[in-house]
Structure formats: C-alpha cells, structure tokens
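Below sits a lone chain in structure tokens, taken as the form predicted alone.
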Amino acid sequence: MDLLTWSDIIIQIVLRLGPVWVALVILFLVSFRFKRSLGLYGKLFDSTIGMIGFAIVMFWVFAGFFAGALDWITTHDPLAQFSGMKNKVPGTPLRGAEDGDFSHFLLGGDHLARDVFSRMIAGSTIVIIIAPMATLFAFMVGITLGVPAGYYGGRLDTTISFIANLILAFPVILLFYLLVTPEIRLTGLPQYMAVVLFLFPLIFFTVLVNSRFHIVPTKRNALLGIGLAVLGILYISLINEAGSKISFLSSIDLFDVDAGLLTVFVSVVFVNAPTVFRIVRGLTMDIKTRDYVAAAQTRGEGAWYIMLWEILPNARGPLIVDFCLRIGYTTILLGTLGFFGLGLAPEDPNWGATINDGRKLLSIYPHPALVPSIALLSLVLGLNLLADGLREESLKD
C-alpha cells in the first residue's frame, strides 16, 4: 500500500466523521424549524457567531459520543501499539494489516506507535464527560450557597464569602497540584470532598421542589421521593469505591468511578465553585431589589420560592454565558493537568497528555503534538464563540 496524499487523508477523515455530519445536519434542521419556540437556545440561531461556536462544540460532543458510546469513528484502538508505526507521518499504511483493520494511520503515529487520529477522537470523549459535568456540579454548589448569601446577607454572607475568598486566594495550578498528587489521593481526601460536594445537587433539588410544591404536599412528596431515590443511588455510586476509604452499601453501588477521574472531577468542582458563588451572589444582590421581587414578598411567598423561582430565572442570561466560558476554562485545566501527568492515568488518550508526549520530538515529528493541540484550541474557541452568541441574545431578551 502507498502513502496517502493529503487530499486522500482529508477525504478519509471526512468519511470517518460521517455520523457526526449527519447528527449536526439533523440538529440544525430541527433547531431552525422550531427556533421560535425554543427560548434563548432558539434565539442563538439568529447570531452568526453563536451558530459557528455551537457547531464547533456540538462537533466535538457528537464525535466524543459516537467514539465513546458506540465505538464509531476511531480507526484503531487508541491504546494499542502497532509494530513499525512509531512516529510515522500522516497517511502511512499499517504494516501487516489484517482483514477488518483500517489500512492507514490517517494522522500518523506517536512515539509509542499509537494512532494519533484515534487518540484525538477518544480524547474528546474524556473532555465532553468531565468538563460539562464538573462545571454543572460547580454551579449546583455555587447557586445553592450564592443565592441565600446574596438574599439574606449578614453573617451567612460574611461566612460563606470568607471561605470562598480563602479558596480563591490559592493559585489555581498549585491547588490542583495539591489535590491530585498520589500522596493526597491515598489519604482519601478527594473522596471526603466528594461526599460533601456531591450532596449539593440533592440539596438543590430538595429546596427547588419543596419551594414550588409546598402547597401541594402529595405532589411534593411524590416528586421528592422519586427524585431523591434516584439521586441518592447515583450519589452513593459516585462516592463509593471498593477497597477505598469510603466503601458501604455495595448492593446499590451501580458503578465504580476511577480514582484518578474522581480526583480530577472533585478538584475542578472545588476550584470553580467559589467563583460561581461570587457571580451568583452578586446577581442576587442586584435582582432582589427589583419590583417583581417586592411584589412576590407582598404576596407572602416564601424566601426560597423567591430565590429560586423569581431571582434565579432572571439571572439565567449571565449564568448561561458563564457556564459556557467555564466549560472552556475547565477544558484548559484538564489539558494542563494531563500535560503535567496529573490526575488521569498516563496512558489515557487525554489531549493534555498527548500534547506532552508529542512535544518532546516536536521539531522532528510535529503531528503527534499538533493534532491534539488543534483539537483543544478548536473546542475552547467554539465555547467562547458560543458564549459570545448567547451573551448577545441574552442582552436582547
């Protein structure tokens, strides 16, 4: 077999990404069709910048989903090493390819003879799982603490703000180093932190439902019972790990989370939550002076109802924009951790570790480092453009 030309490589990559293109076309057609009834998301399609950013982000979301959940797109096992493929250039034919094997390394091989294209696609799966979920958990913590702090003020605000400022006083990278080092992990500290931080979604769900349906006890109790049962099982599954510092109720432990993954996840939540808290607190202090809040107080609505159903919805614009930007920051942090070999296992195809592996021979073989670098850059760029588009439309709202 011959070395593929760049035009052949591009064609092959486009074909391998076929499911992604189909999913993007369907998503955009449906979104355009119903955009007038989709609220802020629908208005995003009136912004060219927003649409471009959304397309880039969803490209990586679909690529990560199809590669991780369905094992499509990737041409080879991202962890497998192939004889004779060390540092091979893009388009190199696979030596000794058997029936069913993809015939080429589309974007070349790395220093351990692994397929760069497959590692890039597999790396997107890790990012789209950790970054949005960790950011969402950070928002749950920040909102649950920030709204009452801004609404009530006083000692509650002073205490929580002091703790948040104390965490923010630490340099972010140093804090990550402290949290993800193996010695700290062996103490069980990340698991103990998970016990506390992962409680906040349960607390948020409880006060949200109770504040909305407290006048309909039957419906409230049913929703709380079902919701807390599901969230409780997920909570126990997240914090439990056989043979670790926290191991109980193994009968309802649905899945095990890798210790390195849990450490990175908890670290991201812990670092981002204080910043989210300060943003939510500031928005709450501003919105609570509005006339519609005074009207709700006059009607005799409870404090938590006002906070969660009057104040929070009117802060959604800035919070949605910050959520998109924060996913970008988290993506960069994950890349930084992977680059320094912290958190995830060294063999994992995360973009940061792949960039670090490739940089050692960058002047001779640039492709192993450039490919994941461009992937990381494009995803963060897409998130920033998406945030800009959402900001434009939220200001018009």
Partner chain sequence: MSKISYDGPILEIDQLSISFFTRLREIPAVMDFSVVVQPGEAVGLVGESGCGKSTVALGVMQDLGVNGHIVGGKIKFKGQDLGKMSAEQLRDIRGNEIAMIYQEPMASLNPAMKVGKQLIEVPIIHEGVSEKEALRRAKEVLIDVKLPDPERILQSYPHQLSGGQQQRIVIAMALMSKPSLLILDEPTTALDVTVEAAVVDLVKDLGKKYGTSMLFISHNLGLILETCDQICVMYSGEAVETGSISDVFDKMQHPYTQALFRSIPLPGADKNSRPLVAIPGNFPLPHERPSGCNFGPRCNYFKDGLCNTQAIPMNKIKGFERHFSRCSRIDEIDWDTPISNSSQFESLPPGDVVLKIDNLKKYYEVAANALFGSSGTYKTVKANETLSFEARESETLAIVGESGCGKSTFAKVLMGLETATDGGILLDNENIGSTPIEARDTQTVADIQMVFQNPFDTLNPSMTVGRQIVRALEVFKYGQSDDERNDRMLQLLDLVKLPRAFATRMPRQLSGGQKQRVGIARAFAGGARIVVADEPVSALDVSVQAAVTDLLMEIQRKEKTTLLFISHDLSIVRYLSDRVMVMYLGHVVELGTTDQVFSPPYHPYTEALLSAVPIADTSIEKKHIVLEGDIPSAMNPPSGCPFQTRCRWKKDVPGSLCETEVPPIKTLDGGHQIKCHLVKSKLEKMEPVIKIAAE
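Positions refer to the first chain, counted from 1. In this text the structure is predicted, and so the values were computed from the model without any measurement.
Not pictured, yet referred to below: the form predicted together with its partner chain.
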| property | result |
| --- | --- |
| Option from 255-263, 112-120, 214-222, 78-86 whose residues, in the predicted bound form, bring a heavy atom within 4.5 Å of its partner chain | 214-222 |
| Contacting member of Ile203, Val196, Ala294, Leu156, with respect to its partner chain in the predicted bound form [4.5 Å, heavy atom] | Ala294 |
| In the predicted bound form, the residue from Trp72, Phe323, Tyr235, Trp309 that sits within 4.5 Å of its partner chain by heavy atoms | Trp309 |
| 4.5 Å heavy atom contact, Ser247 to its partner chain in the predicted bound form | no |
| Its partner chain contact in the predicted bound form: Phe102, any heavy atom under 4.5 Å | no |
| Distance check, Gly96 to its partner chain in the predicted bound form, heavy atom within 4.5 Å | no |
| Distance check, Pro313 to its partner chain in the predicted bound form, heavy atom within 4.5 Å | yes |
| Partner contacts for 22-48, taking its partner chain in the predicted bound form and a 4.5 Å heavy atom cut-off | Asp46 |
